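In structure tokens, one chain follows: the form predicted on its own.
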């Protein structure tokens, strides 16, 4: 706990920041990047999902332990042929504007998500749904084109959250900054690249949060985030730099939490650009990187070197190999590809988005130089970075870019299909490198419609081995979450899906 004088100073220093909400009742979270949008259907990044998860709710939720539990749906049943999912909608739920939740609203929200004209990036989550039908005041049916094994898991994804269609229509393009959900907090204000302020929704159907509000601060600089949690200007600070873990954790009133995640960190490689389109070059880049050194000396042992495109703990994970650090082999592969003297390229990275992101790319720059690859580094703020890496193949100027992907449904379909299927190349999905392998497509398609777990596992293993052998990415590591939390915070959930959740939080 803060000493009385320090508590007073901290409270006074935050008064201007928190407006009408008292410091003692507002949980302050220092994030590395701002949200991009507060429209859940358009959300593709975890900083945005962290905020929208306080404002909106999904039909089902994935618990921190990996179980799928009902949320806005209270019951469900599949037909014998697996082509119809009947959902019972929770009664007594209201939106932040007082509108009661009904089956018609659920249908309207799902129809909005599925509408091809909206072209949501994550539409693939539910693209097996041909029709949503209202069969009662509080009952809907999801009618499928084919059996769809990951359907319940996909209905836990924050992007499938139930929105109020009337509000989306009323606000139009401004809905992204005027959210209206059913979650335990409601929207107050958003100062771009500064702060997002939420307040407790007293009409919430479930257990009320123990804080009056949550304020998400955008603080890209590691040192500033750590200073804020150390001084009491923030209760929570994400992405503690490895070199600061011991010092911050030794403070009398702060604890550093190390929580596993489902996030894989990688450098995507653009198959539409030379020389990246040559598999020998991609393999050379992989063999040029000493991942163990990155893990130990740059990331402080807070990561696990990747041995598959997805992380352990996800259904479908199987270790498929490693790219050993071998500079001599890297130089040999470059020579075979016609680049005996090396070549020049650019490494793109966001700032403050991932653990030690800039430091990681700087270390890789030095390693690549050892095999003759001269790399310059381009660093961008998160939203500007996304604009660059989301360009369509043929227009993207990003040859190699640092990204992360959290398989937040717990199912390999979400960790592989949107990133490696040919149909998911930009602008439709998240296959930013324009990777394409016909056999991989066949396997990923088959695994979606096969309801036999063992057969799905075998399909994912074969697909991942092909992806690995194609050197589709510069494979790096699985990230753990290093979060500094002041000891007066109780009930905070640091979810494996890389969301800090205040639903059950209180301040002592």
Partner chain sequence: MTDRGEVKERPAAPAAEPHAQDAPGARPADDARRRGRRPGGRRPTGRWRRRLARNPLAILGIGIIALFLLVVAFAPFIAPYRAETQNLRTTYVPPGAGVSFRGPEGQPGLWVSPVTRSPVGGVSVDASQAYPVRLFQRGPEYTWLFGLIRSDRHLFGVDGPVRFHLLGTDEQGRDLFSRIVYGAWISLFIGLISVGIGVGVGAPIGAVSAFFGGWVDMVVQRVIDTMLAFPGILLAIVLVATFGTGLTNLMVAVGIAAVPIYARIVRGSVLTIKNQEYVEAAGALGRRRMSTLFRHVVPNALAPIIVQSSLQMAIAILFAAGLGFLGLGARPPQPEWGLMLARGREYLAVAPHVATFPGMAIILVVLGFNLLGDALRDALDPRK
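Residue numbers count along the first chain shown, from 1. The shown structure was predicted, so the numbers you read here are calculated from the model rather than taken from an experiment.
Only in words, not in the display: the form predicted in complex with the partner chain, which the text now covers.
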In the predicted complex, segment of 358 to 366, 102 to 110, 206 to 214, 88 to 96 with a heavy atom within 4.5 Å of the partner chain: 358 to 366
Candidate from 79, 243, 135, 191 lying within 4.5 Å of the partner chain in the predicted complex - any heavy atom: 243
Selected contact from 327, 300, 393, 312, since only one has a non-hydrogen atom within 4.5 angstroms of the partner chain in the predicted complex: 300
Any non-hydrogen atom of residue 247 within 4.5 angstroms of the partner chain in the predicted complex: yes
Proximity of residue 277 to the partner chain in the predicted complex, heavy atoms at 4.5 Å: no
Residue 270 within 4.5 Å of the partner chain in the predicted complex, heavy atoms: no
Close approach of residue 296 to the partner chain in the predicted complex, 4.5 Å, heavy atom: yes
Within 222 to 239, the residues that have a heavy atom no more than 4.5 Å from the partner chain in the predicted complex: 222
